[in-house]
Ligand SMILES: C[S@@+](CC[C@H](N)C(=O)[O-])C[C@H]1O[C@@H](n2cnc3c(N)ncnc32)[C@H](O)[C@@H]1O
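First, one chain by itself: the form predicted alone, in structure tokens.
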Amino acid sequence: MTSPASASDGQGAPSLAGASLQAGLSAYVHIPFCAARCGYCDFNTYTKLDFPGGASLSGYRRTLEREIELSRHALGVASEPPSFQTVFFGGGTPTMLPPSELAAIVESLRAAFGLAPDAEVTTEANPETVTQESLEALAAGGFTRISFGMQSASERVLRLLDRAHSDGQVARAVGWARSLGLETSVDLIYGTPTETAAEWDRSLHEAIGLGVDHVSAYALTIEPGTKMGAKARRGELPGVDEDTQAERYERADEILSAAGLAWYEISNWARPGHECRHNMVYWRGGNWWGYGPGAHTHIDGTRLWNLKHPLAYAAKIANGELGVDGFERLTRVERAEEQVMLAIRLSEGFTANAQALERLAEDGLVEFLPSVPTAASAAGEAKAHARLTLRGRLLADEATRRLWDFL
């Protein structure tokens, strides 16, 4: 195993000059601010908006712009930088920033690296944080895709999750975005304690009825350090039930597939041609640079992560340094394990040891893809191409571990 290095070790950021970026580069931009913290959230987010200096909401754009320029130099691409193929603003709530500031950040990425002519530029948004005018400004500023945090169509479940929006706000926000020609996606959460099967069905049908291009559905996890975690610990809230969550997932796949949204990644369904290209970069092991506190970067098997607290992160940027907290260079074995762990999630399938796949197929976890011929490695190892079955998607972690035994 590699030993991660940190800035406190005196290592700083590793040299990334000369990285192979011909296949493209993507950008993730973390906006850590939220109006309120949801009860289930354990992301790196802050409801305090007035940190000193470049860590505040009002000064955050300038800090990001400095980091963008620093990243260009770190990659050693002063003359011919690679264009960003995809850009994704996540959080937090990115739309806590005015649309003019979000558009300015996109322009800074364009100025420093360039954007591909068909670049996908996405922002997450809470439905209550946008208006028709703000979405118009985002579209004019280069955004092509909006991912709305719907979570549920049940007002009762929304309150359990501490979400601030109402069901009607989702419909209005998606309608505005679609009228502007923006790609649209909604996130759903299933398995909230006390959620009924009927409530989950309603959420799925209402999401479809919005006419969105893409749906992400995630099983709720109750993390120890969250408000929901504290309630569960005190016995005020039941824990999640894995069997119920499996039933909810199967129902999601049934209803979304019948509506023309096919699964392309374990937690994601899309109409043909509307898959999230940015997230495919992650699952295919591509290269991306992460901007903002706590953001992660991957370049050719080297992983970097930024300091999590906005103050510490902004102080390093102001000092002319990347906000890196630590890094690691993955070994050949670690990269092979990660490739399996990521590729196995995709409906396009993955190539692996034929014997291992035969055993998984016997247990109903994978199905072979006959259109891809069996291949052999340089060492003569027989390979085959397969993808997870519905049962396999529910047991993806087990399938991954069993494939690792054959690496």
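The shown structure was predicted, so the numbers you read here are calculated from the model rather than taken from an experiment. Residue numbers here begin at 1 and follow the sequence given.
Heads up, the form predicted in complex with this ligand isn't pictured, but that's what we're talking about next.
When this ligand is considered in the model of the complex, Phe43 lines it closely, a heavy atom lying within 4.5 Å.
Put simply, Asn126 is close to this ligand in the model of the complex: some heavy atom of it is within 4.5 Å. Under a 4.5 angstroms non-hydrogen atom cutoff, this ligand in the model of the complex lacks Val77 among its neighbouring residues. Although the partner is absent here, Ile317 lies well away from this ligand in the model of the complex, with no heavy atom inside 4.5 Å. In summary, among the residues Thr196, Thr221, Thr131, Thr331, the only one with a non-hydrogen atom within 4.5 Å of this ligand in the model of the complex is Thr221.
This chain is displayed alone, yet in the model of the complex one of Gly290, Gly191, Pro99, Gly91 has a heavy atom within 4.5 Å of this ligand; that residue is Gly91. Residues with any non-hydrogen atom within 4.5 angstroms of this ligand in the model of the complex fall in just one of 331 to 339, 203 to 211, 149 to 157, 103 to 111: 149 to 157.
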